[in-house]
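Here you get one chain, nothing else, as structure tokens; it is the form predicted on its own.
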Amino acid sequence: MAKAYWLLKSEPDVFSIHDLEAAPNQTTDWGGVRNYQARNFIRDQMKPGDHVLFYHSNAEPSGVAGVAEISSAAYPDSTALDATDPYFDPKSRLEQPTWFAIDVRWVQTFAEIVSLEQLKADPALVGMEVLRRGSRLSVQMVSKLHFDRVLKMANARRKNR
């Protein structure tokens, strides 16, 4: 199966690319997702080895902060099963889970965020989901072309420092 490319959004004051880099084994579970379309991506399409643009949302600036990799297959999201967790879902059961998580491993932190404004200004990124007005989905598919272009933008900024 071919490698897929994704964009995962996280508010940096909740969990940032730096938190991922500092995590044990530079890996964390990506749970707490409570949108059915995002859940379906996690459950049905994300596979170990897929690459991820790690996006800082609701930040100054918002934008792509680095790269990660999917490091596990989907599994039941334990936050949905824990009555003390804010993401608890009483309808979810271990034997028939509603919500799923995956593990994400850090790959690279960009020297500077590739901001949303920079992404919007690049004609090569037309059609990228994160640029669509009103797009709020925290798990998004990304084309290889768009993934490679964002990496090129990040590396060009590092060389020009």
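Residue numbers run from 1 along the displayed sequence. On a predicted model such as this, the values are computed, not experimentally measured, just so you know.
Keep in mind that the form predicted together with the DNA is missing from the display, and what follows is about it.
Look at 66 to 74, 104 to 112, 23 to 31, 51 to 59: in the predicted complex, residues with non-hydrogen atoms within 4.5 angstroms of the DNA sit in 51 to 59. Put simply, Arg149 is far from the DNA in the predicted complex: not one heavy atom of it is within 4.5 Å. The DNA in the predicted complex is approached by Gly134, whose closest heavy atom lies within 4.5 angstroms of it. Although the partner is absent here, Gln45 sits far enough away that none of its heavy atoms falls within 4.5 Å of the DNA in the predicted complex. Heavy atoms of Leu116 reach within 4.5 Å of the DNA in the predicted complex, making it an interface residue. Within 4.5 Å of the DNA in the predicted complex, a heavy atom is found for not a single one of Phe15, Arg39 and Arg93.
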